[in-house]
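Coming up is one lone chain in structure tokens, specifically the form predicted on its own.
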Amino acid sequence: MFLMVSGLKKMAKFEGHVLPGTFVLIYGFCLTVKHVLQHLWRTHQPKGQQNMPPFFKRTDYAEGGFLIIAAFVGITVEWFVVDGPHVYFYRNGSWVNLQHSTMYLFFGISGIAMVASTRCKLVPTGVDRLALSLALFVEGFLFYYHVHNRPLLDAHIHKLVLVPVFGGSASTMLEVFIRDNIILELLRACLFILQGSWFYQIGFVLYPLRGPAWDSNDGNVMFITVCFCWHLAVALLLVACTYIVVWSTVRRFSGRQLDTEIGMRNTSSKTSSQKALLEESDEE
């Protein structure tokens, strides 16, 4: 019975890292596709063209709605699980740990800011990026104090999360002042992908579903650091491959559309020339 309970707890902790990692991975990949499409559209427009097509506004609504819903679900799950606080802040002689709910709250605020900035022109430009930067900063700030009094390997593998989190916060803050910069946009997406994949790594290292647990020694700590560099390389490669695939797809469809327009023009010109010949023959 004890082994079953411990196994369930390990599975719960494993899923507690994998599920957020999955959401962050999907979010980073969607950001990559979105910003590549926006960049390709901007490069083919006149310099004075500033109005984005309705499609991109819908993607902003979808992104903001995703952040709001994910934050609501995260807060609800943490508060109302079996051993959760159930709307209590002080319980059994101590304050309830609400670090995850606080983190989800700020991401929900960033989602609201994105929807508001897309919907209302009175909202200053850059508020959505500012709110997302603050949400990432709060996440890193809470993670920094999350690792105190933990074993060496546990603390080190969690501290490595601070690299993509604080890096993403800094790059997103730059986007407040430097808008529509594809390098900064793809860097933010890449850091989200890195953060999501590293959550997977934390789950597999600290709560292995099979085999013994990792030994908390200096050799493993150095190997985990090397693994983090590999995750960064894979995230960069994924962003680059996504850019190439999206660019190739857009070029192929735009080429087909151009061929169709040329064919329609040729057909219309032939039709008009035939009509002119018929009119001339009737006059004769």
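Please read these numbers as outputs of a predicted model, since none were measured by experiment. Residues carry their position along the shown sequence, with the first being 1.
There is another form of the same protein, the form predicted together with another copy of the chain; it is not shown, and what comes next is about it.
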Checklist outcome for this item: The one option of L206, V115, V77, L187 with any heavy atom within 4.5 Å of another copy of the chain in the predicted bound form is L187
Checklist outcome for this item: The one residue among F223, F253, F55, Y61 placing a heavy atom within 4.5 Å of another copy of the chain in the predicted bound form is F223
Checklist entry - Within a 4.5 Å heavy atom cut-off, is Q201 in contact with another copy of the chain in the predicted bound form? => result no
Checklist entry - With a 4.5 Å heavy atom cut-off, would you call F72 a contact of another copy of the chain in the predicted bound form? => result no
Next on the checklist: in the predicted bound form, is there a heavy atom of another copy of the chain that lies within 4.5 Å of any heavy atom of A233, even though the partner is absent here?
Outcome noted: yes
Item to check | Partner proximity in the predicted bound form: A170 to another copy of the chain, non-hydrogen atom cutoff 4.5 Å | outcome: no
